[in-house]
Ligand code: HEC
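Let's start with one chain on its own, the form predicted alone, as structure tokens.
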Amino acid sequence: MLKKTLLSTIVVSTLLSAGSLFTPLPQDSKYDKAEAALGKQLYMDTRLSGDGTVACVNCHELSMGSGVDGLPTSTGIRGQKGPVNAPTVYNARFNFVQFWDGRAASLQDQAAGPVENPLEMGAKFPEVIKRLKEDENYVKLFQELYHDDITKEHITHAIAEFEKALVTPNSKFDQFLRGDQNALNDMEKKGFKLFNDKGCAACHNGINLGSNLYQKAGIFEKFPETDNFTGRYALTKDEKDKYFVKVPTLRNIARTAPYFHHGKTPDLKTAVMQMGYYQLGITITLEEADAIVAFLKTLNGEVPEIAK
């Protein structure tokens, strides 16, 4: 009874506000083009890693519009494996915090983390700066753009400026939100209605269809692979934060398999049905899941020119 009552509350509140829950991505993102160009060079540069083998792009590829590496967990220097699935870098500028546990408040904070993470890029910024200073082109660019020497702050600022440019606009759903009722076909519209009726939009809403709040992984049933991943609790040590994570964006979700923090769910249809079970306390049928997946595929946007 508790499940049904809570679910009814979620669904009703979602239905009442569904028309205003979503915002299309801007078709023209604002960022500094020169700083973003420098940030792109740094994003691709393996000299930011301890052994010169790993760059940001290794875990967050760009060309196919996913912003991830397609692995359950990413591979860092010396073949080490990280503990959680890499979130997409696309549209990350619209996240209210960065990383699953929200430990970075901004894109610039996020850019600093992997460089010195021993499982990821395994470097130290003084070493990185020393290597970059040996490159006359970098020295010149930093002087021109920041009127200063190469520093950790300027490196992370440039990378963050590049990541601001990684917005994927003009998806079919964005066109629909801007008033084109024919942008979605009947199956996709059915999926969108189910997405709202089932309560998915209670957490996946806003401009990024997620990434604007924390939620517990496993509201109605214990979520898989949480024994060694306690979410926000690892940072706050507050029991009420146990298993709470940043709700991931659904933008380009059809391109970012495998799914969830553990990266062990291989396909989107299974992920949708698992969300019904663990997060909503309901059964989503195969037919309903097909329709919801059809809708989710309309969230694939255009890869920005700077990422090509």
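So that there is no doubt, residue numbering starts at 1 and follows the sequence shown. Fair warning: this is a prediction, and the values are worked out from it, not measured in the lab.
One more form of this protein, predicted in complex with this ligand, exists but is not displayed; see below.
Remark: all three candidate residues (60, 121 and 163) come within 4.5 Å of this ligand in the model of the complex, counting heavy atoms only. Stretch-level contact analysis of 146 to 154, 193 to 201, 175 to 183, 130 to 138 against this ligand in the model of the complex, using heavy atoms and a 4.5 Å limit, identifies 193 to 201. This ligand in the model of the complex comes within 4.5 Å of a heavy atom belonging to residue 279. Remark: residue 212 does not count among the residues lining this ligand in the model of the complex, judged by a heavy atom distance of 4.5 Å or less. At least one heavy atom of residue 55 is located within 4.5 Å of this ligand in the model of the complex. Taking the partner from elsewhere, residue 248 is found to have a heavy atom lying within 4.5 Å of this ligand in the model of the complex. Within 4.5 angstroms of this ligand in the model of the complex, the stretch 84 to 117 places a non-hydrogen atom from each of 84, 85, 86, 87, 88, 89, 92, 95, 98, 99, 100, 103, 107, 110, 111, 114, 115, taken in sequence order.
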